[in-house]
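Single chain ahead, written as C-alpha cells, the form predicted on its own.
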C-alpha cells in the first residue's frame, strides 16, 4: 500500500486528513500493526525544543543617509558579523555582550527582536566615495528590518550523548552544570518525538522539506554541520522568516558559567507514504539508545561509561556502577509535544501543506576532527617535580624548605603519600608574622584543586583562572602527587604558542 504526497495534500485541503503525533503513532502501530496504521494515518508530526547553539539570524538594516559600508556592527553591545555587504549582518546566538558578558548574548538580541522590543544598533565603517559615512547609531525593532532570516547551521540533533562528571569538582558545560562524583547526568533531545528518528533514512526529510520553525513556516535547506547519520547523530540546517516567529517557541537561555544559547522549537511532518515509513514512525523511547560519557575527561574522545535508553533517562535516574544517578533533560518534552500538537492542528485546519524534498540528505557522512599541525601539550609534558611535606612538620621547618628549595607551594601528603592539603609561601609568611609555629595542620588548605598528568594544559590553565589560584598539584588516579604545575610556568608556555 502506498500513498502519494499529492493525495495527502488533497486530504489536507478537503479536511479529511488523519494526523497523529509521533508518540501517538507508537501506540497506534503497536495496536494495529504498520500496514493498517499506514492505511489509517496520513501524517505523523514530530517536535523538539532544546538549546540549539548553532543558530543565528541574517539581517538587512537598509541604507542610512549618507550611506555607510558597515565593517563592524553591534546590537545591544553584541557584535554581529558584517563582512558580507554594506548593511547586511549575521548575529550568532552564542556571541556575548561586550558589557554584560555571560548574562546576555546574540540569543537575547534575537528574542528581543521577535518580542518586538527595541534594539540599539551601533556600526562603524571605512569611508568610500559611495559610502562616505563612518559611523551610525540608532534604535531599531524587527519591523524596521528589510529582512530577518533565521538560518541555523545545525539544529534538531537526532539524539545526544548523556553527560556526567567523575571528578571532584563542578563542571560548567553546554550540557549544563555537572555535579562532582557522578552527582547527576544530563541529556537532550526529544526521544520518540525526535524528527530525524522518525525518518532515519531521510525518505521525507531533505532539502526543501517544509517545517514548523519557532512558530513560523520554515524549510530544511541541507544536512546540518557535524551531520553524522552513520552513528545516529544526524542534524538539519534550517531557515525561516524571523518576523513570523513567536517567543512561545524561541527563547534565549543562559547556561550557568558557560554562555548563552537559544531554545529553538522545530516540528517536522512525516507523510506516511507506505508501510515502511509507518513502521519507522513507531519508534519508542525504549528503542532509542545513547551513550553516557564522562565529561570530567577533557578530551575529544571521552570515556563511555554505559549505554542507556531514553526510556531510562526519562525515568529520572540511571544506574552507574551501582550508584543511582539523577537525570535531567536540557530539552523540554512538554514543549516538544506542544509543537507536534500545534503542527498537527495546522495540518488539520488546512493551513500547512507538506512538501517532499528536492534532494535527499546524505546517509554516509561522519564528521572529522580538526586538522592540527601540532598536538596540544599535556600536563605531564610540562609539570615540574614537586617537593611534598607531612602535615606534622612545623611552620618554621616549612619556611626553611620554601627558602632553601626556592619554591612557592608545598603539597601536604599523608603517611601513605596521598594528597591531603597544600600550603603556599604566603600561608607560611602569614603564619610566621602571627607567630603560629605549630604544625601545618592549622594553616594548610584542605580542599585542593588538582590536575592529572594526561589532561591538556589548556584545561589546567582554565582551572587556575577559574579558581584564582597559582598552582595545581598533579596527582595520579590514586591521589599520589607526581608533580606540580604553576601559573607562571603555564603563562610562559601559552605565550609561546
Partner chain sequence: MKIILKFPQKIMQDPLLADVVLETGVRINIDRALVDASVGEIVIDVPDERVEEVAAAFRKRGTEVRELDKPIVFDEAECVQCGACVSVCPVEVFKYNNDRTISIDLTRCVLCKTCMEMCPHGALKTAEE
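Quantities reported herein were computed from a predicted structural model and do not represent experimental measurements. Numbering follows the first chain given and starts at 1.
Below, we refer to the form predicted together with the partner chain, which is not included among the displayed structures.
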Considering the partner chain in the predicted bound form, which of 425, 387, 297, 254 comes within 4.5 Å of it through any heavy atom? 254
Using heavy atoms only and a 4.5 Å cut-off, determine which of 94, 149, 332, 274 is in contact with the partner chain in the predicted bound form. 332
Check residue 184 for me: does it contact the partner chain in the predicted bound form (non-hydrogen atoms, 4.5 angstroms)? yes
Using a 4.5 Å heavy atom cut-off, state whether residue 177 contacts the partner chain in the predicted bound form. yes
Residue 172 versus the partner chain, in the predicted bound form: is there a non-hydrogen atom within 4.5 Å? yes
Residue-level question: is residue 327 within 4.5 Å of the partner chain in the predicted bound form, judged on heavy atoms? yes
Going by heavy atoms within 4.5 Å, which of 404 to 412, 73 to 81, 417 to 425, 256 to 264 lines up against the partner chain in the predicted bound form? 256 to 264
Which residues within 44 to 75 place at least one heavy atom within 4.5 Å of the partner chain in the predicted bound form? 49
